[in-house]
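One chain comes next, on its own, written as structure tokens: the form predicted alone.
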Amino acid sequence: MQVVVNALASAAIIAPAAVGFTLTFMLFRYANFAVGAFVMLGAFAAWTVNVTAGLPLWAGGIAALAIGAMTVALSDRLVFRPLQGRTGATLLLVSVALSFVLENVIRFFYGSQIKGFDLPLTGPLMIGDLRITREALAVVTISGIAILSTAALLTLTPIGRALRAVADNTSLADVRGLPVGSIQTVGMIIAGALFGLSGTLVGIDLAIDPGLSWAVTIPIIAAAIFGGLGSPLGAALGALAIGFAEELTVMFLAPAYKGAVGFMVIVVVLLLRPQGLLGVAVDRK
């Protein structure tokens, strides 16, 4: 049961970002490897408001949502949108370059020192031998609410239906009169907010430093690939699978091997089921 609790907490940290990653893939059909840098920006935005400004962490979380949404929307408009029509490999390389740029901007302003949120010291909740920290409980709750809210937005609202229409067939959506560019921007804002939220959640569980960018990139992308690129629900389930895999790894191997789990998951899934858990297989001729 302790493994289950730990796995849920680990999954809850990366799940919003995995959903955001698959949302960007749905709209533009390329893998944005700057996802870790966007999460890192969210963590530093929350830290600035929480520690430097001395405000509660919930205020820092709101700032992380705003910074994440703004940064992703601006990068889409200024970097990726002008490159539409280029190959996926080109856009992937551009996203990697953008990640390095953002990481070094953070190093310039904040330095390379490890930072952490200003949180009150609280004891864990004990249920028999089961140990549940209050931070883990908050992370799971907030992440669950965010994922359910995103799912409701995509399935029950007009903007959600418009996003899915543009993702399914951009040309047809344009012919039917939908403002494709504006809808794509809304999708990027939603994805950016999810990245910012993951940044706040990561900062609660891990130390905050510029190297955080690449530490979370592979688990996030592995979760999205495992669940099936283009499926937000699959991304959330993929995050859960990655969380369990990482916790089981720690049970049998040294914690240093935990980071290799994401690589192994990507390799195995691409070999055995390239479309992922909930993805749809595509016939290529």
Partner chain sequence: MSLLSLKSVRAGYGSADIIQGVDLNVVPAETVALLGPNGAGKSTLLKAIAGVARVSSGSVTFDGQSLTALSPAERAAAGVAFLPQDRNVFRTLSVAENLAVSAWGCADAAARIEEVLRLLPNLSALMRKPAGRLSGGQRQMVALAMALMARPRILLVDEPTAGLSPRLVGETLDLLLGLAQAGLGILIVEQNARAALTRVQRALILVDGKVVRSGAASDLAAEPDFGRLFFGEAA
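Positions refer to the first chain, counted from 1. Computed from a predicted structure; not experimentally measured.
In what follows, reference is made to the form predicted together with the partner chain, a form of this protein that is not presented.
**Q** Within 4.5 angstroms, counting heavy atoms, which one of the listed stretches 188-196, 175-183, 140-148, 125-133 is next to the partner chain in the model of the complex?
**A** Partner-contacting stretch among the options: 175-183.
**Q** Is R164 one of the residues lying within 4.5 Å of the partner chain in the model of the complex, judged by heavy atom distances?
**A** Looking in the model of the complex, residue contacts with the partner chain include R164, since a heavy atom lies within 4.5 Å.
**Q** Using 4.5 Å between non-hydrogen atoms, is G85 touching the partner chain in the model of the complex?
**A** No.
**Q** Applying a 4.5 Å heavy atom distance criterion, does I159 contact the partner chain in the model of the complex?
**A** Yes, I159 sits close enough to the partner chain in the model of the complex that at least one of its heavy atoms falls within 4.5 Å.
**Q** Would you classify D168 as touching the partner chain in the model of the complex, given a 4.5 Å non-hydrogen atom cut-off?
**A** Heavy-atom contact with the partner chain at 4.5 Å: present for D168.
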